[in-house]
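A single chain comes next, written as structure tokens; it is the form predicted alone.
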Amino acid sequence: MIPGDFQPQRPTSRQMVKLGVLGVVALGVFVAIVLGLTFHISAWLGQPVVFARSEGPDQPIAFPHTTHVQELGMDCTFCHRNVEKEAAASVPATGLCMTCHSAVGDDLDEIEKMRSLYEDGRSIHWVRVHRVPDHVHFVHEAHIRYFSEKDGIEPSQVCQTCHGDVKEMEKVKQVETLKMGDCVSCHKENSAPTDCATCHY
């Protein structure tokens, strides 16, 4: 060897193990960051592409809208009582379900589960499907009233604008992104105000 030549030292097996572990950890962190960014960016633009569900969430009591709406002809406003009067549509309390199911649905597991909750004085903790950000105020009553008067249609038909054709859903799922662009576009199409204070107050 000529004096002054650089001779790299070969790493020890212990150093190789440390580098391998560090590489695996760094790769894991990189993948987590990419997944997180993909989720947040896609959620901002539309429905999240990572971890997005193709169907709605499981509810504590399986409520088939197909049975209640299609077969029995029930209207949305029977269960979602506040939709024509208040900001929130409200979800049915156990007592409302028992209006019918105290006499109907014997020997059905989901009905027995609901009856048990009612007898114990407990509520059904429905899983939320549709949500706008907390800094957004969406008033159901105003939208129902406007479209019912303008188009002369039933409230249940107005609901389909944002919620989709729920009567066809075994499990309710979100079909619209419910992003700001959707709301602004709809307001523009219907000559509704588009200033910030309309929804952010």
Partner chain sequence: MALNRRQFLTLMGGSAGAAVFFQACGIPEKELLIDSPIEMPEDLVTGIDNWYATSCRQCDTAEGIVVRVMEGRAKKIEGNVDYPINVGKHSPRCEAGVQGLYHPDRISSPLVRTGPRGSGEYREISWEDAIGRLTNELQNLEASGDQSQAVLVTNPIGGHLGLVADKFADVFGARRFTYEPLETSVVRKALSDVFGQNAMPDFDIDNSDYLLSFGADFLSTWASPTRYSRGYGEFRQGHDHRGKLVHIDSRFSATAANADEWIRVNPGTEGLFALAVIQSIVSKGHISDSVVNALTGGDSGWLSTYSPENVSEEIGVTPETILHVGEDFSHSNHALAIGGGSAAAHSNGYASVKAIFSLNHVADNVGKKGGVILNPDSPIGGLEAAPSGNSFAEFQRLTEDMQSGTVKVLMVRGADLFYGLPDTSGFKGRSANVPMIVSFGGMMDDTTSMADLILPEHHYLEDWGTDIPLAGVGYELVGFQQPVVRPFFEDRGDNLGTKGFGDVLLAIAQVMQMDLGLNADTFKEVIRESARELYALRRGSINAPTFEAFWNGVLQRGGWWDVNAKGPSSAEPDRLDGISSPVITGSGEFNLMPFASASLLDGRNASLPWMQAMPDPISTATWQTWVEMNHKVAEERGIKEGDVVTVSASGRSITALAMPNPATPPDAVSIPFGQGHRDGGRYSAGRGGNLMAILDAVHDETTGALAWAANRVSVTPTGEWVRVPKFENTVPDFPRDEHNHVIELTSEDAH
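These figures come from a predicted structure and were not determined experimentally. Positions refer to the first chain, counted from 1. Here the rigid core means the biggest group of C-alpha atoms that line up within 1.5 Å when the two forms are laid on top of each other.
Not on display, but discussed next: the form predicted together with its partner chain.
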Would you please decide whether Ser90 lies within 4.5 angstroms of its partner chain in the predicted bound form, comparing each non-hydrogen atom pair?
yes
Taking 4.5 angstroms as the cut-off for heavy atoms, does Ile124 touch its partner chain in the predicted bound form?
yes
Decide whether Thr77 counts as a contact residue for its partner chain in the predicted bound form under a heavy atom distance cut-off of 4.5 Å.
no
Proximity of Gly95 to its partner chain in the predicted bound form, heavy atoms at 4.5 Å:
yes
Only one of Ser148, Gln160, Thr38, Thr66 gets a heavy atom within 4.5 Å of its partner chain in the predicted bound form. Which one?
Thr38
Interface stretch in the predicted bound form with its partner chain - options 152 to 160, 165 to 173, 129 to 137, 66 to 74, non-hydrogen atom within 4.5 Å:
129 to 137
Rigid core superposed, CA of Ala32 - does it shift 2 Å or more between the shown form and the other one?
yes
